[in-house]
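Listed next as structure tokens is one chain, alone, in the form predicted on its own.
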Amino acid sequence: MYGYHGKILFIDLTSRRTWAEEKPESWYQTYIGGVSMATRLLWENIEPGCDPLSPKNPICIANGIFAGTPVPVGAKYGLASKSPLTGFVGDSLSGSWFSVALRRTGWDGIVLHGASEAWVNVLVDDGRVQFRQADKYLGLGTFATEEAIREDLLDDQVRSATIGPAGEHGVRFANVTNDGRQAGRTGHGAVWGAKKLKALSVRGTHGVRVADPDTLMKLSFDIIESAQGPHTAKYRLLGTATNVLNMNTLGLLPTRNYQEGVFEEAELVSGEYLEEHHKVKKIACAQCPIACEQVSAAKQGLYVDAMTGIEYECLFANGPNCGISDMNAVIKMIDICDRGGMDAMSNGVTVSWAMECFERGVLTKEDFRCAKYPEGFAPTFGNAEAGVTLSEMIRDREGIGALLSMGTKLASEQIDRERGTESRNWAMHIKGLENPGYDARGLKTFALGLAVGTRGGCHNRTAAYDPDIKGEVDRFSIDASRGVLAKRTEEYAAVYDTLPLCKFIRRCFSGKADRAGAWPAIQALINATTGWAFTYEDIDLIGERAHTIKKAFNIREGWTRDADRLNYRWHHEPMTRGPSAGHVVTEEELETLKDLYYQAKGWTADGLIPKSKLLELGMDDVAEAIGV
């Protein structure tokens, strides 16, 4: 079989037993790789209904079809477990050299069962698996752990996916880091921490066999050449941080816990300001010709030791959404997250929830006692030092940091039970996952995409903001087209997440980011790699199947139509300033949008998947389990 090794490695952390499982080519043609294959492995190996932090929740890793080949931005892998934030599927992507090294081990994926009695570093060395004692790495940050493992093994070719102190301490939005990149969102780091898995290291010597290397090389060079042109200029020059001023202009930049969509000091935390005052260098992932990551450093004041990669989503969350305009402090907060191994988006949104709780009197100064401030402190919006301190407290689960480490959904529910308050009304999450950096009150199609998302409040699993922001539809109203648009944009995104390919390459195939522009090129790349005869329609099926297996997982875990909802603020509290002022997504509007979406998907009115639809997609066993 070209393009794959044909086998998955299984590791039991409890018994330290390992075994291999071969998969037929038809299985690979159905699930391809990335988040789709990782979720399918999760479907096959989890005990339904288990606690996400129990040994019964497996870690499932699936490599990409293009990792280790010349295909640009193809060095990515998918990671799936049941999310400790949402209780539904937790699927993430990361990339760079770990993906290439994993491919060279001779395995297409890895499934880790059980939990270790002692902290462990699992090393997959081609066909051998070693269980290395990991106590010496405890307390180290993510980057430091990777370096320490390489030094101990005397091999700079070893690549590791690690957790930091946040994962060790059980922060529910802890993430997994490799090569400076994060498998973020949904709390994978907490799952690894519960299993006492400090790091998974890989080292391999196998090559990748492709069906038509000459064609694959030519296709790859054409895309690389295009990626050096205008289609990626935005990402090469300023990175995604350029979105700060764009969203502010549209009145969509989350400000002070999403109370408004315009930040009066946006220029001080913009991509342009970052470039001029804080830039260190730009770096790229493995197999990437774009180099979008803006490595930036705090240059003065209390936080001159801070340096990390900055992107829009972490910038909005820890900056404007906390009312903080001190870029040095914002960089420090993100640096705490990246080295500590926790999701910077969830961190910023959770800190902003705590700030609003304080300003509303739900939490008091005494609630914020810590070793640094034994009498407590006042975390008001704009208080940069409070933002930094709270990020450290969350990472270490110190004081109120233990509550905040649960994320906004669980934290607000606990506070409201204990104090009879309604802080859940400004807990900005969907299904337990903190919201992204686009205020959905002014993006009706995107609001639908977020509400029905299998992952929760995520901008990466739907591109439904595109038709709104580009003016293809009126972003302030709804019509019958929105269900089809939400379906198409989420399945479009799922194709990229399954191969996986970075979405920043999407315009480099033909100058167009739509299916008509990308699908013929993706079809050619897949066929040259595997020798298959995929058609244009087969590319559509990749996205539909990927989304369907995630939805099926959620249904088996108890999903109902009522779970597809937005937060209270977006339903009932319009913004008062800027171009998006005065708008909300009413509950009636959302119910209408959900009806349109379920119909477009071919599901029932309750959002369940008919058995006939699952059989049509080649998911016979899934049809028997959850089909209606």
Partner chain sequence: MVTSTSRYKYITCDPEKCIGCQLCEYICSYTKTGEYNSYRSRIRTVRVDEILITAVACRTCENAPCVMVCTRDALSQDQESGIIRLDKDRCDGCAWCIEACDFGAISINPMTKLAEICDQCEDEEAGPQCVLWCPKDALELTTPDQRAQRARRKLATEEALR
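Since the model is a prediction, treat every value here as computed from it, not as a measurement. Numbering follows the first chain given and starts at 1.
There is another form of the same protein, the form predicted together with the partner chain; it is not shown, and what comes next is about it.
Can you pick out, from G114, G376, G204, G399, the residue that has a heavy atom within 4.5 Å of the partner chain in the model of the complex? Exactly one listed residue reaches within 4.5 Å, namely G204.
Counting non-hydrogen atoms within 4.5 angstroms of the partner chain in the model of the complex, say which of F534, Y273, W119, F143 makes the cut. Looking at F534, Y273, W119, F143 one by one, just F143 meets the 4.5 Å heavy-atom criterion.
Thinking of the partner chain in the model of the complex, which stretch from 37-45, 64-72, 579-587, 562-570 has heavy atoms inside 4.5 Å of it? Checking each option against the 4.5 Å cut-off leaves 64-72.
Would you confirm whether the three residues H277, N328 and D343 all fall within 4.5 Å of the partner chain in the model of the complex, going by non-hydrogen atoms? Answer is no for this spot.
Does at least one non-hydrogen atom of A284 fall within 4.5 angstroms of the partner chain in the model of the complex? Yes, A284 is a contact residue.
Report whether the minimum heavy atom distance between P213 and the partner chain in the model of the complex is within 4.5 Å. Flag for P213 set to yes.
Proximity of Q157 to the partner chain in the model of the complex, heavy atoms at 4.5 Å: Heavy-atom contact with the partner chain at 4.5 Å: present for Q157.
Is F381 near the partner chain? Define near as a heavy atom within 4.5 Å, in the model of the complex. No, F381 stays farther than 4.5 Å from the partner chain in the model of the complex.
Heavy atom contacts to the partner chain in the model of the complex at 4.5 Å, residues of 285-318 in sequence order: Those in contact are C285, A286, Q287, C288, P289, I290, A291, V295, M307.
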